[in-house]
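Take a look at this single chain in structure tokens; it is the form predicted on its own.
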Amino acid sequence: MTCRTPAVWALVGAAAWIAALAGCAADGDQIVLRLAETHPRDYPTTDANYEFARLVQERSDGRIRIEVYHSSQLGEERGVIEQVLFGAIDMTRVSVSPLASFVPELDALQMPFLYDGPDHMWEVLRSDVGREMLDTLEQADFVGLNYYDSGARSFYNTRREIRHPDDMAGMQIRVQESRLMMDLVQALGAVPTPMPFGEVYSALQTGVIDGAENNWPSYFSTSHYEVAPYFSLNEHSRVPEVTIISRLAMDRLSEEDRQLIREAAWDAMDYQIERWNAFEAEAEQRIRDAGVTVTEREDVDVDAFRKRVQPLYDRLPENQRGIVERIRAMAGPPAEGP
């Protein structure tokens, strides 16, 4: 939004500095906000970022412009989160998993086998519980704007079918940079290996890791299915995505503009869900057509997986346990508006 001092840019790196110059070059009173995205241009979350940007520009009569930098142009998720914290990048779309390192309460939204399905998850995220969880981001100097769908995450690997946790024994499994995800994989008898998303393909190809875990679209769009042709539909977790904006960037806006951005972000959620559902179905079909060995849900011993991860629930702090109880008891219509 505004030019920053060289001392700040020394902390955040060249990519963000280059992106920021574009914002600094804006003429007159126009506000330019930079939004970082790790996924490619045709991915549903990226499409939703552009829809969010379109709504903001339209509703501000062109006075506020959001520039979307997709395909990890500004860095991988963890590094981008830190740059948003410093205010070097204004916004990003990010998974709850790495964000929980900054706000531990978010782990309550990504516990394994927590949701009955996508409808249950969206009922939670649109409710008071979801709003309160976005509010917790303020303790880390972020402002949470909305949630995006990222489907159900399942394990895939280079070696064999996974029907039971014992089939994962000793496997090196890539996880997001999240303590909870590391503990989850360890509870299942595998070896968690935190790694940036962009490094996973080569790590699978060279045998540095044996597998990873993700949703249908990510498995497809990254071509991981080419080097890890065993996909098990254990669906161990649903991890929401969150759009966050730097508190520094938000504080520079008028109250009217803050509300405009909040509303546009919230309104972009339905668009993302629609795009997600279509892309998920297409990705699944493309993967099956490619001859990947898919272990169907009914062939997975889900009860065995649930029992192995129960210690993660037993260790939850009291405040997170209360959130999980509210999620499990969720019923009724979702809340409306931002």
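Residue positions are given as counts along the sequence shown, with the first one as 1. Since the structure is predicted, the reported quantities are computational estimates derived from the model, not experimental observations.
One more form of this protein exists, namely the form predicted in complex with a small molecule; it is left out here, but the text below deals with it.
- Only one of S232, S95, Q83, S178 lies close to the small molecule in the predicted complex, with a heavy atom inside 4.5 Å, and it is S95.
- S150 is the sole member of S246, N157, T243, S150 with a non-hydrogen atom within 4.5 Å of the small molecule in the predicted complex.
- Mapping the unseen interface onto this chain, E77 counts among the residues with a heavy atom inside 4.5 Å of the small molecule in the predicted complex.
- Contact annotation for T38: at least one heavy atom lies within 4.5 Å of the small molecule in the predicted complex.
- In the predicted complex, at least one heavy atom of R174 sits within 4.5 Å of a heavy atom of the small molecule.
- For F220, no non-hydrogen atom is located within 4.5 Å of the small molecule in the predicted complex, even though that partner is not displayed.
- Just one listed stretch, out of 87-95, 101-109, 258-266, 137-145, contacts the small molecule in the predicted complex at the 4.5 Å heavy atom level, and that stretch is 87-95.
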